[in-house]
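Starting off, we have a lone chain in the form predicted on its own, written out as structure tokens.
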Amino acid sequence: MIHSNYNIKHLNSFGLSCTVNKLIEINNEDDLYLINSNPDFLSTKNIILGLGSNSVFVNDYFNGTVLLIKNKGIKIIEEDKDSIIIEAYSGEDWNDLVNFACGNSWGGIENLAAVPSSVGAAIVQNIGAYGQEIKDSFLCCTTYNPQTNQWKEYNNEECKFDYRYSIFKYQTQLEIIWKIRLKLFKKPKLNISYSAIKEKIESEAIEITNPKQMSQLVTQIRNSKLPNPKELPNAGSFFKNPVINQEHFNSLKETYPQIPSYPSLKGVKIAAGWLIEQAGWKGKRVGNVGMHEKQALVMVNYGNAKGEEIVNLAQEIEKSIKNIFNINLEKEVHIIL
């Protein structure tokens, strides 16, 4: 289905009012080929959208085409006594896929429960939470380029996954992730090493023995810390946790002994939420936007915010973190102009 001058306020979790020149719903391969057959459907600016949970439309009008991916399906490809390979289409809700896997006691993505995302966007962003990343279970994905009518397959290595990154994040060509394959395990080793999980298990004397219990625990933790986008519009974590070198960290540690940090292959990872809170932004509101009172890493829309307000607040926070800690914050969300 094709829409002209369509307002996508209900299609982005920040609840930003933005009218797009053209929106095309893509449910199946016939829809893909329809786009290819008519060059007028695409514009000089084209955006691929899933659930819109990580997108900030800056302006009131987007003079381009939005491709809304809505293809559905989950199936088993192969299995043995130890593992199983499942295939999921990109338009599936990520949490539905997690529930499907955990409901069958297959492990590998249980710590990623309740992450707001479509399956396709989860690959683009290499979503991660509570000690897991999607790259840890990812085998391959199939893409389609409606401009060249070409299908292509990428394996794990070819996606060049990194912290909240894959080669699809900053595309130079229009490639739609159509479906993915994950390898999950029938006798998984549950990862309870993350501090929030350990604290919850110890404080409530909980015993976690299977992926479903872990996914439920993670969901409880997330719900207690993060605002529901349907009640208070937001895009989850707004900034990435920055990585700094050891020398810089040692210097900060002298001034801020309690600074939370995590090991990283590229240095030391610092909790962005802690930095933002120390800078006085937690719970602070500026006009229609602000940083959440319980989680400083989450920017929220208090009502009728414009994308420009979000970007302006982000820039002010970035400046203050640079001035105080000499750290450059990088946005996790996708800014769309």
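Predicted, not measured: the structure shown is a model, and the values here were computed from it. Numbers for residues come from their place in the sequence shown, where the first is 1.
Keep in mind that the form predicted together with a small molecule is not shown, yet the notes after this line are about it.
- Note on the partner interface in the predicted bound form: the residue among Lys169, Arg222, Lys183, Lys135 having a heavy atom within 4.5 angstroms of the small molecule is Arg222.
- Taking a 4.5 Å heavy atom cutoff to the small molecule in the predicted bound form, the contact residue among Phe161, Tyr194, Phe100, Tyr256 is Tyr194.
- Mapping the unseen interface onto this chain, Glu277 counts among the residues with a heavy atom inside 4.5 Å of the small molecule in the predicted bound form.
- Taking the partner from the other structure, the small molecule in the predicted bound form has no heavy atom within 4.5 Å of any heavy atom of Gly108.
- Interface residue remark: Gly128 is counted as part of the site for the small molecule in the predicted bound form, having a heavy atom within 4.5 Å.
- Taking non-hydrogen atoms only, Gly307 never approaches the small molecule to within 4.5 angstroms in the predicted bound form.
- Relative to the small molecule in the predicted bound form, residues Ala271, Lys282 and Leu297 are all within 4.5 Å by at least one heavy atom.
- Partner proximity in the predicted bound form, defined as non-hydrogen atoms within 4.5 angstroms of the small molecule, places exactly one of 237-245, 90-98, 70-78, 149-157 at the interface: 237-245.
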